[in-house]
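Both blocks below hold the same protein chain, though in two forms, and each is given as structure tokens: structure 1 and structure 2.
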Structure 1
Amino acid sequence: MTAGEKPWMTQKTFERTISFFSPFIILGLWESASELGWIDTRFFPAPSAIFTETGKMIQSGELWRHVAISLQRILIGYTLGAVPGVLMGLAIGLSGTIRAFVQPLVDATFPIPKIAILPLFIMMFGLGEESKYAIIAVAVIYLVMINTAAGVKNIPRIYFDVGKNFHASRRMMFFDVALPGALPLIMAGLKLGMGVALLVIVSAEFVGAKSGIGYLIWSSWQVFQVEQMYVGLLVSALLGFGSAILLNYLERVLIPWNR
């Protein structure tokens, strides 16, 4: 490194600048390409057309109606899956007996693509909201449970030794040792679960719903409203992005020691 000269921009700033502008560059190219007729606008409508459509759908309230119902399904289904997932994962991680009982069931059913159970749930719960909550909950519970159990098992033994040496109660062993010790992997499970929740709800709404982001995408295809379909894709990307930011923030607050 030479001491005298200072580059006008550090490598890091340079890379950030590139990352910031790259989406705009792609959008610009896309826009010009569709204006100039280089790409088929039936499949790739111009970004401006998509944004105009988005504006229209926001104004009419239609977009919010779809987003709101999808969000509600995700929130309820996710909670129904995540909370028991954490509790069951902790129980499996702490008790050999429970693990021995549950493990084969988990191993046998985990490989089933969760969306494949949707017809069964529609039969059981009908076409209403309950079948959506159930399919999300099932998809989420596996990932959270498996990760939580692994989280408990990965806690260094020495922490349990410390608890035992100080005669910590079962309650303290659970809340002061096992739970915080497993938090990093619980968090990882919650993040994976959120990704899967988005995936599952959109697919479930393709066929089993009359509202929601998945329905929006599916129905626009059926009536060949490609702009609307892109609005659906845009919104689902934003949902994924937003939930990731939220969960990362939560992770920083809950697990400051894990950096």
Structure 2
Amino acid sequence: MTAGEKPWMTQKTFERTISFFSPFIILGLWESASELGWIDTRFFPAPSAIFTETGKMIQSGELWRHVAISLQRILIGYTLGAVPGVLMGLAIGLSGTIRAFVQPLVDATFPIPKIAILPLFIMMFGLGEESKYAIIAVAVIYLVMINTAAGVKNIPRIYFDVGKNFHASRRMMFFDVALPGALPLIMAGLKLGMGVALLVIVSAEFVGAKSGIGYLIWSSWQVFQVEQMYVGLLVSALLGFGSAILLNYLERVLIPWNR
């Protein structure tokens, strides 16, 4: 390439190309290894067999039923955890009194594995949907609250001083100063919360449900229907990928200055 000549592919285009084709390369290698007998198809069925089983489950409607109920549980539980998490995080970041009262409780209870308290929620709410919503909400609220509080602490002090000089009310300081300033870390907390919500709901559906993606994976393993088990894993991955795209788009809309 001569001096001054532009490369035929920029670095950004090259990286996007790799990102697009890498899953297909891995699937191709997996398929080839299955066909050549290099891996045990009893435990690692060929991708073609998994996609065939996916098509059958879509046509029968079984897959849609499991996905719909898991999405409903995730969305309701996530909302119940994310909204209070943001409000509590803003309050902790703005008020030293609230922080002094809440922080020790957060530090003491956050390390507890959230799935470990599922039996408690089942005793309190039964085997119905409420226990699923509760376990997701508890898992999400910590991550959102901690990130939101950290976001408020990272706001330059001058913004609060300007608000005080202009006699901003507490409501204005809460929603017009703290909330926009903490948005980058709030979005980080929301992304982490969604990932954890997906993990928790699948785990909760292993033992406390008769429907959903987690139930599909667990029941398929019990009867050794490995292809269906991989269908559940595939759907979980797609849900995580789709939620990441959605939250990244929301971040670009809400925080255009932070690209």
Partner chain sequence: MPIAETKISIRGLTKQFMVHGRTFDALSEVDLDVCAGEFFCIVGPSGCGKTTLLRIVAGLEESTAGTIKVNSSGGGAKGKADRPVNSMVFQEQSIFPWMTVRDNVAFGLKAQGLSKQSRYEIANAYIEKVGLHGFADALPHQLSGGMKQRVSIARAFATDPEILLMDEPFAALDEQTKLILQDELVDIWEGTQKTVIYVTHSIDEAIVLADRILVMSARPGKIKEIVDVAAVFDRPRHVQTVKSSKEFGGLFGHIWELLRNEVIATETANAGA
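In this text, rigid core is short for the largest set of C-alphas that superpose within 1.5 Å between two forms. Keep in mind that this is a model prediction, so the values were computed, not measured. One-based numbering along structure 1's sequence throughout.
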Task: Which of the two shown structures is the form predicted together with the partner chain - done: 1
Task: Yes/no, S169 Cα shift of 2 Å or more between structure 1 and structure 2 with rigid core fixed - done: yes
Open item on the list: Rigid core superposed, CA of L36 - does it shift 2 Å or more between structure 1 and structure 2?
Closed with: yes
- [ ] Examine F20 after superposing the rigid core and state whether its CA is displaced by 2 Å or more between structure 1 and structure 2.
- [x] yes
